[in-house]
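One chain comes next, on its own, written out as structure tokens in the form predicted on its own.
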């Protein structure tokens, strides 16, 4: 099941490119054998002027400044493939690439408009869609079960459910939230949400190079957690990137709560959940391994165990699965760079992935990261497969299998 990885935040904070080689993560980079596996496994490695291997070579040669004036790393979708495949176990996606992206972001002559708008919206509204913060909790009015808001309660709860942005605002993301609410209620989970006080956890802003925006969101969210100190025991989120932020970045600011993504969390309750899954679905399902959950955290089998527990589900695998999964293209800011990639003539990774899903003969493409629903649904429409393939979050399938 899921594997433990070394927490970047265990090292002293404030690692910069100037002091990079003073830290274990930096010195590890010097062990690079220039095998090129990082460039070969990168989904956009063939169009990068500076893939990870070459960035390391430029760092060694004292020529990193040249990299800062290239748009090359806008093609990095932070899929953790280079890090997962590195024979020297260099933590590329966690440390080196975000630091280099920060400098590239400063030197960009023009930030792609779609990305710029998403970042500005996140700063102003706390979400990349630019929706009103007062509407973040509106989805709770469309559920069949009560959704407690922590600030309105007089008692503590076990689970603070950090909903995140796409699952609060996007119509298909709200389907995920409604499904989770039904499951939590069925399992008797004692939970509450932050409601309109919540803002984006900020991980994708960090991975695209906007460290300042990430820091602002991080400070805000930590202040919120401290305000409710003692009012919850642990945090659960369906946001794969929020999970990563809380697990690896927030501890540098004193975050010490237990945090779970909903997939391993529901897996922990699988024996309790199984008797509730009484509706036979009869779907042929293929599962897309989310980069954060899979390559970065080792949660490969938990989502599959949840799927195969559903009566009637037949699980089929795509050619690229588990550690070899193809990224949806949404991480590292890629969610807001589709127009940029199209202008460059690049194939969208979401379309490449949908082709693989259709090739399995599956009826359903199951996912576990909120970014992926809209990305894959759009790709299916563009490719003309929207009548062949339905995209569903695993939580949605579980909720469907529960008799109302």
Partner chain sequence: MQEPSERGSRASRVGVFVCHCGTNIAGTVDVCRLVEYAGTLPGVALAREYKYMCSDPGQELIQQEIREHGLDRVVVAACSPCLHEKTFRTATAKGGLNAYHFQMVNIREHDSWVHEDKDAALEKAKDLVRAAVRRVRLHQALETKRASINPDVLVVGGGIAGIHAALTLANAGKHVYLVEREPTIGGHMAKFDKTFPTLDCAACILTPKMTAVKAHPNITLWTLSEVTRVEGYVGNYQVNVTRKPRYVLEDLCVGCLECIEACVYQQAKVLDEFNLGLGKRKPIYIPFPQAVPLLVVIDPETCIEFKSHKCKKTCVEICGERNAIDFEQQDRTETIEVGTIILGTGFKVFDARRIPYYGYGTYPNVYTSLELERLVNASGPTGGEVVLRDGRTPKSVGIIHCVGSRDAHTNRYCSRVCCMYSLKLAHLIKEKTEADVYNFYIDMRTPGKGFEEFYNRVAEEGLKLVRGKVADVYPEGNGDGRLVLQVEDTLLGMVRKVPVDMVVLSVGLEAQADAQEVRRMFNITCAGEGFFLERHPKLAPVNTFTDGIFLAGCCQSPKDIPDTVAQAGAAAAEALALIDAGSIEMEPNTAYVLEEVCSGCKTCIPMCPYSAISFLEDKKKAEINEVLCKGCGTCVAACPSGSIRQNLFEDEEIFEEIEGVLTYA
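Residue numbers count along the first chain shown, from 1. Only a predicted model underlies this, so the values are computations on that prediction, with no experimental measurement involved.
The form predicted together with the partner chain exists for this protein as well; it is not shown, and the discussion that follows is about that form.
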Which of 316-324, 261-269, 93-101, 159-167 sits within 4.5 Å of the partner chain in the model of the complex, heavy atom basis: 316-324
Students should find that, of 41, 70, 360, 374, the residue having a non-hydrogen atom no more than 4.5 angstroms from the partner chain in the model of the complex is 41
Going by heavy atom distances of 4.5 angstroms or less, which of 85, 304, 172, 182 would be at the interface with the partner chain in the model of the complex? 85
Flag this candidate site as yes only if 351, 382 and 387 all have a heavy atom within 4.5 Å of the partner chain in the model of the complex; otherwise mark no. no
Could you tell me if residue 29 has a non-hydrogen atom within 4.5 Å of the partner chain in the model of the complex? no
Please run the contact check for residue 46 against the partner chain in the model of the complex: heavy atoms, 4.5 angstroms, yes or no? yes
With the cut-off set at 4.5 Å between non-hydrogen atoms, does residue 34 touch the partner chain in the model of the complex? yes
Residue 89 within 4.5 Å of the partner chain in the model of the complex, heavy atoms: yes
